[in-house]
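In structure tokens, one chain follows: the form predicted alone.
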Amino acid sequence: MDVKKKIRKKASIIKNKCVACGTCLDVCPKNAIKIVEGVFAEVDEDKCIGCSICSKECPPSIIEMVAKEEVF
């Protein structure tokens, strides 16, 4: 049986630089981001579709799009 692999990009937040402004929450079309303890944002990779809107809109520019391998 062949295993298919696909590389997709997912949002990744540099937590120690996040200012928890909430901009990413407002622009994420899948509600894949939440603010943890009012300190930093966190991405739910299962919900993230890799659209990169959050990384483009992030005021401190601390959201990176990182390649993740998915097996299906």
Partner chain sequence: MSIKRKKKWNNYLYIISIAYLILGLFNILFAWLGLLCFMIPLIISFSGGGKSYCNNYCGRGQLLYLLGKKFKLSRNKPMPNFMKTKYFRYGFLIFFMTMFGNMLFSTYLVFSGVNGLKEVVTLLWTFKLPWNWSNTSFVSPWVAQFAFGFYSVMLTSTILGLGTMVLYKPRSWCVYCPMGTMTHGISTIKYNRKMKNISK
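Positions refer to the first chain, counted from 1. Because the structure is a prediction, the values reported are computed rather than measured.
The same protein has a further form, the form predicted together with the partner chain, not shown here; the description that follows concerns it.
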| property | result |
| --- | --- |
| 4.5 angstroms heavy atom contact with the partner chain in the predicted complex for Thr23 | yes |
| Contact test in the predicted complex: Cys18 vs the partner chain, heavy atoms, 4.5 Å | yes |
| In the predicted complex, Cys48 touching the partner chain (heavy atom, 4.5 Å) | no |
| Touches the partner chain in the predicted complex: Val43 (any heavy atom, 4.5 Å) | no |
| Residues in 35-50 with any heavy atom within 4.5 Å of the partner chain in the predicted complex | Ile35, Val36, Glu37, Gly38, Val39, Phe40 |
